[in-house]
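Only one chain is shown below, in structure tokens, and it's the form predicted alone.
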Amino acid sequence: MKQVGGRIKSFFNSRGGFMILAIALFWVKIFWAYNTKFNLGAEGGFQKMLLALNPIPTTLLLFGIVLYMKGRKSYISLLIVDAITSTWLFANILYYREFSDFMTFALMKGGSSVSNNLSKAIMGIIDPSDFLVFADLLILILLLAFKGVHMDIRPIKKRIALLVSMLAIVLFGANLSMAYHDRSGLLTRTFDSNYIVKYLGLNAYTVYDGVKTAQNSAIKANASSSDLKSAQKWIKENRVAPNVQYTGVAKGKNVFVIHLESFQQFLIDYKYDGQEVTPNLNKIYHEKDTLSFDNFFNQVGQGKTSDAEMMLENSLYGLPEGSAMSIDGSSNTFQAAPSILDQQGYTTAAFHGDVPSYWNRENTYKAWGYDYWVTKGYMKDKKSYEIGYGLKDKIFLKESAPYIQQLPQPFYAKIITLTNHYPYPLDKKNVSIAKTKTGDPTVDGYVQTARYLDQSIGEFMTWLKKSGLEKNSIVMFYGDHYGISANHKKAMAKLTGIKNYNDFNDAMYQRVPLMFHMTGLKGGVNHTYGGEIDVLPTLMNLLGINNSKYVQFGSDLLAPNRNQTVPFRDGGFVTPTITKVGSNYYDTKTGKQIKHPTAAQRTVENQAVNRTTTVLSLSDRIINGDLLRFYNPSGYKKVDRSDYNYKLSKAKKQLKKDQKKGTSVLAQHHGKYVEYDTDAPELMTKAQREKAKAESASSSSSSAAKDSSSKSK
């Protein structure tokens, strides 16, 4: 027995033995992470076998590099390689937990534009077990430090190191071959990144993403005007005439685009603890002069909010990796809503209670043609006014009101709220509803920040009416993306009452609100299936602007006989009859998985797959190649970034000059601002806060009693 133990110790005291130990420990760690930290969806024995095998080739290749080095240097290098790969794994675990996706070079390239205020979110994401990804590294360091393993400084023959590298390549080739056997076109079609990690591993995905990022850079450099023709042809062939009944009903009206941060459709009419979570938005949703959509889906990818903005204002999809605004906003040519409306006589402005650089908006908005970009630096600010990513919504909207009143009419104003943002923190003095009790801290605070957002909207709508703007404006509300990611299925099951909450349910909960509210508008709840890509064509038709000359992939949501396939960025889709999530298909009406499709179902599946793949690839081609630089629609003037300057001093000077036009609310009220009322506790006296708290408690009690009475009937 001693002899066996001695041989084992002798083996690990050799350089090759130490490397094998390191590879074994690393494999255990990454296989553990695959199964506990990610939702890769490995099904059946073959996929599970690939999941177990795929870490080996790349780990052998990376760790095998040290065999080309001599002495102690090789041991230190191995620890460095292990530390780097472990840190990358750790970062992906945190990112995946919130976004159900893996990090990309494009995301990191645009990281500086989204880096502020992330510390709270990261602290909320971390689970103590995440640090186990460094356990193997710690074991190796301790073994060397306490002489459990001695360094072998004898040189290794180059041919042995070369054989190890060749073995790693052969094993990867075998892995790739088996992966293609189960999933053809894995690396050539737009698949979810989960597929690549599941079949080839995280390290292979990182290399794939790096190559793809480099290819995209080359595409832009080599693009030409002829590359745009296929997209224009597809758009022309698939164009659907807009709904003439609604054409121009909002012509000449002001446009408010209200961005409801992380707001999902299920919150509409949702009650918790006997209370409506969003009573103000519920009321707007059901009003006779509001057009509401209950099958409207977010279609964002890694760019999240920025993807939603890209679709809403350009009718172009976000990119499969990273944020198009962050990556291409400073250089690409766009034909966005602000520039189109500006050339129709509109003043255009965007409002946000955060810094101007977030998501690279400072540069992107110049490319989109925004006249004004009103941010936190324009507003009164104190530490108590902020939460998470900037000013709390009630304070932000109150601070925005004076600038809105200075805008010459008609104007296009996008207002981006932010309090209802992960990880959904809210100070006690602003809480007006109890947390839910799912046991998931991310989910349980969601109703509180949603209620706060709703109260902010109620105050804003009251001010719109008071200022006279409501009767001369169309107000559009939209949710930009999900609030609760797919990694919170158990909590969502409790929250929604769905016992077996699965991937299909999660796809259905990608619905977000879309409402157009305008005095005299023929409203109602529309059941058509659509997504964020369709908003701009719909809005343009309501405003009486023909969009046929622009490159837009969406269609008017009110148009009869429109195609109702809603593509998702990962290649999935929703139609009124069939939904695709990952590699599985479901009946949209029943939620049951379709394992043996009928001929009719197979036809719908194929048509939807082809449409989804086509539109995503064509849109990517336009953004990656910056193809709109080659296209000049008749009557449209290309945006010149140098025409725009968002410094506060410049904005104040221009707004003062604009008052001479006499069309702003401020000018119409002879230079007097219409007061904006808010119950934000940060702006109230102690007596006012106590009075508001008492009124809120009374209102909640009355609402609960009314609900109880209704149930008893």
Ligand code: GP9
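The first residue of the sequence shown is number 1, and the count goes up from there. The model shown is predicted, which means the values in this text are computed figures rather than measured ones.
The same protein also has a form predicted together with the ligand, omitted here; what follows describes it.
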Quiz item: So in the predicted complex, does Trp368 come within 4.5 Å of the ligand, heavy atom to heavy atom?
Solution: no
Self-check item: the ligand contact in the predicted complex: Leu89, any heavy atom under 4.5 Å
Solution: no
Self-check item: Close approach of Phe263 to the ligand in the predicted complex, 4.5 Å, heavy atom
Solution: no
Quiz item: Does Arg361 reach the ligand in the predicted complex if we count a contact as any heavy atom within 4.5 Å?
Solution: yes
Practice problem: Choose one stretch from 510 to 518, 465 to 473, 347 to 355, 536 to 544: the one whose residues place a heavy atom within 4.5 angstroms of the ligand in the predicted complex. | Solution: 347 to 355
Quiz item: Which pick from Arg569, Lys398, His421, Arg562 sits with a heavy atom within 4.5 Å of the ligand in the predicted complex?
Solution: His421
Quiz item: Here the chain is shown alone; which of His488, Lys414, Lys304, Lys253 has a heavy atom within 4.5 Å of the ligand in the predicted complex?
Solution: Lys304
Practice problem: Sequence order please: the residues of 475 to 493 with a heavy atom within 4.5 Å of the ligand in the predicted complex. | Solution: Asp480, His481
